[in-house]
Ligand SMILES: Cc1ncc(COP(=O)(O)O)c(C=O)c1O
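The data below hold one chain only, encoded as structure tokens and taken in the form predicted on its own.
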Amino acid sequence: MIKNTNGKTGLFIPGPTNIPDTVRQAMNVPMQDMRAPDFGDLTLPLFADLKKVFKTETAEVFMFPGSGTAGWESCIGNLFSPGDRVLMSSFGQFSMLWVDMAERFGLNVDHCEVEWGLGVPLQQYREILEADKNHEIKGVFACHNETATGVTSDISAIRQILNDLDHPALLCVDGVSSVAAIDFRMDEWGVDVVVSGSQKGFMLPTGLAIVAVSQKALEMRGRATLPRTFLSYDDMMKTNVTGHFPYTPATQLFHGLRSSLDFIFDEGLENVFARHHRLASAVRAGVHAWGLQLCARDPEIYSDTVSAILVPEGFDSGEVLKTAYYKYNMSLGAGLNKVAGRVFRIGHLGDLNEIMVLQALAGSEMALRDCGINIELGSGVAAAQETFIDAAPQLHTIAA
């Protein structure tokens, strides 16, 4: 197939997300000396403002060159030892990969395998932790927002279980596709480690693993015996105190992050969450108008950053993606692993507005019809429009 190259490609994957022009332009700066005495003028305010996004006052924030996967590895490598018992669950591609990483590092994983389309198994977590009378479990891991299936789990409920049982395990959370787009309350929820990435809610290119670590977790790092160098919290803390880094950092991305954080704070963090919910609700209304189903099994766990949409039996979601890409110049998210060929994903996070969501739905409708899936053209768009009309912020008339 020959791709239609007119105009801009519609980007509706769950990351990398669309980048505001102001953020892209902010990264177009000359190279600078990362060891200059005033480099902290750029970086120290970033550390402080990232705490506001994580909603923490006491955690230490790290910015590693890398993706969210590097953030996962930093958590395991700095805080655990081979043979440590940890509690984890998998219910999608990314929660599954974190389990795989822990096992490769030699951790003793209590692995709760859950049907894809569901979330963290709270009752199973409670039963396992309650049976752990000697507190052998050193860490409880959870994926806040499973990007592969469009499922958001209740992190505060996990903390409540730990509190109810007076269990000292660290609570470690993958927030890669939730932080800066879905409300995340590190201090209130008692989260010890949260991992995020620059390419999702922060509206930047891939390249920063942004990790927040509680003081409780930092106090425990001395007992960890796994080797770490590039991702060492100790090495970072020694230099971060003045805004510097133990090796060459991603300076251009720091300039972009400064612009991105300003963008977020200008909109208002709570307004950012409300916008993502509004856009997600419209996508879900469109999907239901088509007569299709989401991979997420329960409205209570629907994600506000990505919707994984099941195609009918006998159809291949991969063909929907190819058609959308080549014929309509639009990128949708692929189904991964267990849901490959069964779902396509619409990412609705980052620099996104109502009209862009309607574009995603309109393009998806045409691609679905081209692939022989019987939906009524315009039905999803119309349902989303109704949602927007009902839920969009009211316009304020400016007096002449």
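Remember, it's a predicted structure, so these values are computed and weren't measured experimentally. So that there is no doubt, residue numbering starts at 1 and follows the sequence shown.
Here the subject shifts to the form predicted in complex with the named molecule, a form of this protein not shown in this document.
For the options 236, 76, 176, 88, the residue carrying a heavy atom within 4.5 angstroms of the named molecule in the predicted bound form is 176.
The contact with the named molecule in the predicted bound form, taken as any heavy atom within 4.5 Å, belongs to 69 out of 69, 331, 359, 58. Partner contacts here mean any heavy atom within 4.5 Å of the named molecule in the predicted bound form, and among 121-129, 145-153, 275-283, 102-110 they occur only in 145-153.
In the predicted bound form, at least one heavy atom of residue 199 sits within 4.5 Å of the named molecule. A residue is said to contact a partner when one of its heavy atoms sits within 4.5 Å of a partner heavy atom; residue 80 fails this definition for the named molecule in the predicted bound form, lying far away. Though the partner is left out of this view, residue 94 does reach within 4.5 Å of the named molecule in the predicted bound form, counting heavy atoms only.
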